[in-house]
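The chain below stands alone and is given in structure tokens; this is the form predicted alone.
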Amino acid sequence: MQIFSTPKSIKKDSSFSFCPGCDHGIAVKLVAQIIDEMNLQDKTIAIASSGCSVTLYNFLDVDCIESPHGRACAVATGVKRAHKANGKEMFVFTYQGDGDFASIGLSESLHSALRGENITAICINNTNYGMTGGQLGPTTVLGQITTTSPMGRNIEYHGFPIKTAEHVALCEGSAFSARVALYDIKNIINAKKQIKKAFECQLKGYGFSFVEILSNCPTNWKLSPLDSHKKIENELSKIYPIKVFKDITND
């Protein structure tokens, strides 16, 4: 099917560096397909941060900048504004994890949305700090066992998880905010559609656009890829609804 085709002009010939069964590979491929289909390769600058997203430059043949942990939206803001000041309108997007976007970098992320920075942020939500050992993160759900919450996340000690797409939608400078998933073909097709809409919002100058991707983490969840996808379908998608929360193009 076309959804799994690999754009030759945008994808680098690099070995897979994510854990077996991880949805990062699907997410990166969707981004590559859209950049290729929208003919954005020559004007794209990707900003990756620390975490599982850090190897983005191994897979996409575009200019990539590796930002400090949590600072991807701040770096993207500087890159976008600097090029615009020099008369060049570049396409700038971030590729981040939930710990990066919604915890360590929450201030940079939300204030970029509040300012209406004309950039696009993609956040992979796998409900833990995947790269560093599966610690509790900002999106870890109540009751979830992690290496730093061995008895499960509880309200009294850890508080509630953040619903990132909903928070971004509340920012007056945001133009688009959606949550998608990758656990089956239907959702993969929808994810591609929403990422493309977020990219289009930036190209039309509407302001900050955001896509949160519910992703599995088989290694740290200690589940098979199949069971981890069932967990997203049957549990996580009930806590984190898959929908478009804001789209000013439809208002």
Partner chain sequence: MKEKTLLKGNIAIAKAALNCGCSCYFGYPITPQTEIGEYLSFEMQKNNLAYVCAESEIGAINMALGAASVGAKVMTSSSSCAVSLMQETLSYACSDELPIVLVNVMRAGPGQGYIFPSQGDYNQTTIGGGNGDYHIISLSPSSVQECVDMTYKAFYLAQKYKNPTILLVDGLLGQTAEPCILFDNPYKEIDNSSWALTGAKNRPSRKIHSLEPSQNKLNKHILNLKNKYDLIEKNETDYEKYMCDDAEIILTAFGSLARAVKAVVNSFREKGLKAGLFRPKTLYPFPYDALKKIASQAKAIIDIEMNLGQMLRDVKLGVLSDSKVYFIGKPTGNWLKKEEIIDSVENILKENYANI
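Numbering follows the first chain given and starts at 1. Everything numeric in this text was worked out from a predicted model, so none of it was measured.
One more form of this protein, predicted together with its partner chain, exists but is not displayed; see below.
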- Tell me, out of Leu223, Ile26, Ile45, Ile189, which residue has a non-hydrogen atom within 4.5 angstroms of its partner chain in the predicted bound form. Ile45
- Query: Can you pick the one in Thr120, Thr146, Thr77, Thr164 that has a heavy atom within 4.5 Å of its partner chain in the predicted bound form?
  - Reply: Thr77
- Heavy atoms, 4.5 Å, its partner chain in the predicted bound form: which of 106-114, 121-129, 136-144, 154-162 makes the cut? Say which one. 106-114
- Task: Using a 4.5 Å heavy atom cut-off, state whether Leu203 contacts its partner chain in the predicted bound form.
- Result: no
- Task: Classify Asp36 as contacting or not contacting its partner chain in the predicted bound form by the rule of any non-hydrogen atom within 4.5 angstroms, answering yes or no.
- Result: no
- Query: Given that the partner is absent here, does Ala85 sit within 4.5 Å of its partner chain in the predicted bound form, heavy atoms only?
  - Reply: yes
- Would Ala32 count as touching its partner chain in the predicted bound form under a 4.5 Å heavy atom rule? no
- Note on the structure: Residues in 46-72 that come within 4.5 Å of its partner chain in the predicted bound form by at least one heavy atom, in order, are Ser50, Val54, Thr55, Tyr57, Asn58, Asp61, Val62, Asp63, Cys64, Ile65, Glu66, Ser67, Pro68, His69, Arg71
